[in-house]
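This document starts with one chain, in the form predicted alone, laid out as structure tokens.
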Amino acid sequence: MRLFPILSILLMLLFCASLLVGHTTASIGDSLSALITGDGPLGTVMQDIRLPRAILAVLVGGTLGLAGAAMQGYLRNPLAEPGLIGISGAASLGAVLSLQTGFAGLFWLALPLSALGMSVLAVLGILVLAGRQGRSLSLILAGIAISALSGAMTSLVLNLSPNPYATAEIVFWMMGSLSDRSFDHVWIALPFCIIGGAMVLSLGPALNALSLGEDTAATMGIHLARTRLTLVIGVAAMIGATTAVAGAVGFVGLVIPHILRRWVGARPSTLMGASALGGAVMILAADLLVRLVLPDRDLKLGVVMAILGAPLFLHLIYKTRADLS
């Protein structure tokens, strides 16, 4: 299959471009030398600013693409996306509360830990609402309830905020960004992304069986309750961690599986791997646009993804409707 080598090559090229593009002007040789040695101001820029930013772009994009493909495979719905179960909204609420109360200023880990903590509470709420034996519909309804509650609470915090500077900081954080990130943020997100990704990827055979329907999958020996629990915990770990360090970044988990499905077929196990690579490629490309289009303005990654993702998704809907007619 040519898709995986093509995506891997694009990923490596964009990763290298992410390391070489920025405000600091230097030759490719000097930049690579500074990246290895860490000498001088350029070495600090390469090792402490550009490298963690590029790694976070791969983590965020890869986990969003993987989570989106897994959710679409489990729910058998091409419109499903990671935010459907409310984890990203809950993580955003945790970050907003930490910013509003001033807890985020106590120490540098306060904001991401608050987001992760709220994600854990959201997972517990989803599992309680959906029930142990609940099927996909109950999971969707539980996720919608958690997402709606998180959104309402976030709006309430913004509405009651007496400090306009805190409100502006909250709004900018919710737009999503990879700027001003360090390896500390990488080490926060990396364990959750690895563990969550391994859990979701292990569900490949179960998701393939579920594409035939829940009753058929059950007769094939698939434990539906265990599959759902593994999926929710795995997706929550990834989405909670990436939202905690990068803010809200949308459309990746929704659009990337749509684009790649035609080349990999309907098997969720294959689509998940392709979507992880495709998501990483998309976020790296979008982050490069952030730095190239308006280098003197703090253009947010989430805004760029919305501008790119919404028209693309509308085109996919139109094309799907045309194919069905």
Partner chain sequence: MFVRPSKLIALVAALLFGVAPIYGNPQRVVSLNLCTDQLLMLLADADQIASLSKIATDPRTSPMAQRAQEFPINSGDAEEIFMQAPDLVLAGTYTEQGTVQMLRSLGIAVEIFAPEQNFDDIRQNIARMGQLLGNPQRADTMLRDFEGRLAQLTNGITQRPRAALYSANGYTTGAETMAGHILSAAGFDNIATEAGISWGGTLPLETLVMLQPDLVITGSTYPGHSRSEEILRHPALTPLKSITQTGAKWVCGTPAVLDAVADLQRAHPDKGAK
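A quick note: this is a predicted structure, and the numbers were derived from the prediction, not measured. Residue numbers count along the first chain shown, from 1. C-alpha atoms forming the largest set that superposes within 1.5 Å between two forms make up the rigid core.
Absent from the display: the form predicted together with its partner chain. The rest refers to it.
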Assert contact residue (its partner chain, in the model of the complex, non-hydrogen atom within 4.5 Å, options A206, M199, V255, L99) equals L99
Scan A166, I144, I194, L113 and let me know which has any heavy atom within 4.5 Å of its partner chain in the model of the complex.
A166
Would you please decide whether A285 lies within 4.5 angstroms of its partner chain in the model of the complex, comparing each non-hydrogen atom pair?
no
Does its partner chain get within 4.5 angstroms of any non-hydrogen atom of H315 in the model of the complex?
no
Under a 4.5 Å heavy atom criterion, is G265 part of the interface with its partner chain in the model of the complex?
no
In the model of the complex, is there a heavy atom of its partner chain that lies within 4.5 Å of any heavy atom of H185, even though the partner is absent here?
yes
Its partner chain isn't shown here, but in the model of the complex, which of 255-263, 59-67, 44-52, 276-284 has heavy atoms within 4.5 Å of it?
44-52
For a quick check, can you give me the residues of 172-195 that have a heavy atom within 4.5 Å of its partner chain in the model of the complex?
F172, S177, S179, D180, R181, S182, D184, H185
Once the core is aligned, does W173 move its Cα by at least 2 Å between this form and the one not shown?
yes
Core-aligned C-alpha movement of M71 between this form and the one not shown, 2 Å or more
no
Is L111 one of the residues whose Cα moves 2 Å or more between this form and the one not shown, with the core superposed?
yes
Pin down for me whether the Y165-S182 Cα distance shrinks or grows in the model of the complex relative to this form (closer or farther, change of 3 Å or more).
closer
